[in-house]
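Here you get one chain, nothing else, as structure tokens; it is the form predicted on its own.
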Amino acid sequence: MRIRTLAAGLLAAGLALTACGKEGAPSDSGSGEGNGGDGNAAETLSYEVAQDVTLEGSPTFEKMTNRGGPIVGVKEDQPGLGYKDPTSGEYSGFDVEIARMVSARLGFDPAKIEYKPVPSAGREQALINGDVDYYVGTYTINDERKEQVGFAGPYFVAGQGLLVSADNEDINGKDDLKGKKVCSVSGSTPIQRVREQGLTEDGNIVELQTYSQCVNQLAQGQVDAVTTDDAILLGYAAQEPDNFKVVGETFSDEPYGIGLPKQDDALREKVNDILQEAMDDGTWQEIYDATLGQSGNEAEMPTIERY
């Protein structure tokens, strides 16, 4: 059986985007010009639901089987990654499609996924408590988190990047920021990195409450660049490719993993196998092209790190 799911056009004005659980991520949204509309054609993705899947030694898989489908932790406010359409209630984005693909290859109809939005600060506890079976939502793998939960992946490696106007020819990377106005969220890791590395003068650093507010200022010509995780910036660029583009090399590493209950080694290995298969058979690329790839930027498939 093949299940068709919609990777919807990248929507929504003024969203509160959270950069992979970093400090200072915005908690409310700002509205504004330059972020509206779904300017991209929807892409239809298709996943074959595996039959007769068994997974001995996985209590989480047993729970999903008894329930008839997974409960998946997601973000709902990140265009191109994990976004819930306020009108239709449909979820879309790269992370959401990865979650659907994993569900199908575990033998569960993606249409039966129960999505559970979980903020960054609550991810570990949601997995520990069993509130979600797995979590896909710009979840950076690091040693501190590995002490509490398990990870499969990475399925994407993000890094701090730069969003500029589509017609900007002056900024091609972080070394071009001197004398330029750069915007990010107040107190966030990205803005701290700009300040600590002296990428531009203090007087040119603009700190706002949300990334959407920064993008609005970029659209209005009040700042020259917006900086945060490139995956989030790709979502904005995909939303309005005629107005924005992501430039330069990233200048941090943020490997996104699928969060899993810590002791469920059998499920972690199975999900790692699923991710590897998706990279080998072209499914990963299809998902990227239909979501973040709408920005016009290419991405490299990461290397699975098994442990």
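Numbering starts at 1 and runs along the sequence shown. If you superpose the two forms and keep the largest set of C-alpha atoms that fall within 1.5 Å, you have the rigid core. Just so we're clear, the structure is a prediction, and the values are computed from it rather than from any experiment.
Only in words, not in the display: the form predicted in complex with a small molecule, which the text now covers.
Annotation: in the predicted bound form, residues 155, 264 and 270 none come within 4.5 Å of the small molecule through any heavy atom. You can rule out all but one of 168 to 176, 214 to 222, 131 to 139, 97 to 105: in the predicted bound form, only 131 to 139 has residues with a heavy atom within 4.5 Å of the small molecule. Of the listed positions (47, 244, 256, 61), a single one reaches within 4.5 angstroms of the small molecule by any non-hydrogen atom in the predicted bound form, namely 256. Proximity to the small molecule in the predicted bound form, defined as a heavy atom within 4.5 Å, holds among 84, 195, 180, 123 only for 123. For residue 204, no non-hydrogen atom is located within 4.5 Å of the small molecule in the predicted bound form, even though that partner is not displayed.
Using a 4.5 angstroms threshold between heavy atoms, residue 73 stays clear of the small molecule in the predicted bound form. In the predicted bound form, no heavy atom of residue 161 sits within 4.5 Å of the small molecule. In the predicted bound form, the small molecule lies within 4.5 Å of some heavy atom of residue 189.
Core-superposed comparison between this form and the one not shown: the CA of residue 193 exceeds or equals a 2 Å shift. In this overlay on the rigid core, residue 236 has a C-alpha that sits 2 Å or more away from its partner position between this form and the one not shown. Annotation: residue 296/residue 184 CA-CA distance longer in the predicted bound form than in the displayed model, change of at least 3 Å. The pair residue 77 and residue 211 is at least 3 angstroms closer at the CA level in the predicted bound form than in the present model.
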